[in-house]
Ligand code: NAP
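Before any questions on binding or motion, here is one chain by itself as structure tokens, the form predicted alone.
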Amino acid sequence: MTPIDHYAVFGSPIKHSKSPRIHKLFAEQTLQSLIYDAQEVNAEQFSSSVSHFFANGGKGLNCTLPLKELAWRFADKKTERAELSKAVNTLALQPDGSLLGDNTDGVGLLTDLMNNHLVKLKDQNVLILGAGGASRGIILPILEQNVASLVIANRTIDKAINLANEFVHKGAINGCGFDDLAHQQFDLIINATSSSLSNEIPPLPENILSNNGVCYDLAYGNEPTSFVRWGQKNKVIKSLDGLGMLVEQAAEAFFIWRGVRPITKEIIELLNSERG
């Protein structure tokens, strides 16, 4: 009897993850036979857990916080987008036994923004809040859309500046602190901080949004996040959370592993309906 291919998501915390449900729906839709589960793995356990997973027949892994940069170091080979971002959220076992590292966060975000919500990026001024691992995977794909400018704001200013400098050869980008945002306006603000998890928002000045502004929180929940509510309060055109990005980045990982691209629209609609 042929064993069923095994996939998983590693992270800490991980109990809340919707990824097993999403990949189960993908498999059913595309008639693929596989197992996908969530495993609690912290940074100290990462290398041994990944080695054990693939040694025991695992075919592919997703890695979420706080493991993306560790996965980048662990991968034998990396795609260009993963190499530059220094963060990997998808590991794929190759025919020669090596591990390919990729980052599907950026394509997931752009697909959700541009295809699902019809948000324009070309010639727009974009602000990313936070300079951690969540930001790394989305910077290059945003710059590749020929935005007018991209600013990274972070509490630790040097971290924002250093991160921006890694991508400065790819487009108009700079880093700053939150205090430096006064008197600037942006068409799209993306919250890549963990502030929504504690029901807070980063310290943003008034009038930071343009008249047709859009807010996007990489976090998501059954209720609107604090940043989504902030966007609604400031009367943006759209204030969105990261559920669509979650499904879209998962679809990209599924395609890398299985060579089949799921139809995401019906799955996003299902997950949205379940949270009321």
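A residue's number is simply how far along the shown sequence it sits, counting from 1. Treat the numbers as computed from the prediction; the structure is a model and nothing was measured.
What follows is about the form predicted in complex with the ligand, which we do not show.
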- Item | Triplet S194, E200 and L246 all within 4.5 Å of the ligand in the model of the complex via a heavy atom | yes
- Interface segment, criterion being heavy atoms within 4.5 Å of the ligand in the model of the complex, picked from 169 to 177, 127 to 135, 94 to 102, 71 to 79: 127 to 135
- Hey, in the model of the complex, does N154 get a heavy atom within 4.5 angstroms of the ligand? yes
- Query: Taking the shortest heavy atom distance, is K159 within 4.5 Å of the ligand in the model of the complex?
  - Reply: yes
- Item | Non-hydrogen atom contact V214 with the ligand in the model of the complex at 4.5 angstroms | no
- Query: Given that the partner is absent here, does A219 sit within 4.5 Å of the ligand in the model of the complex, heavy atoms only?
  - Reply: yes
- Item | Position in contact with the ligand when the complex is considered in the model of the complex, options A38, L65, A27, I237, heavy atoms within 4.5 Å | L65
- Residues from 44 to 58 in contact with the ligand (non-hydrogen atom within 4.5 Å) in the model of the complex: none
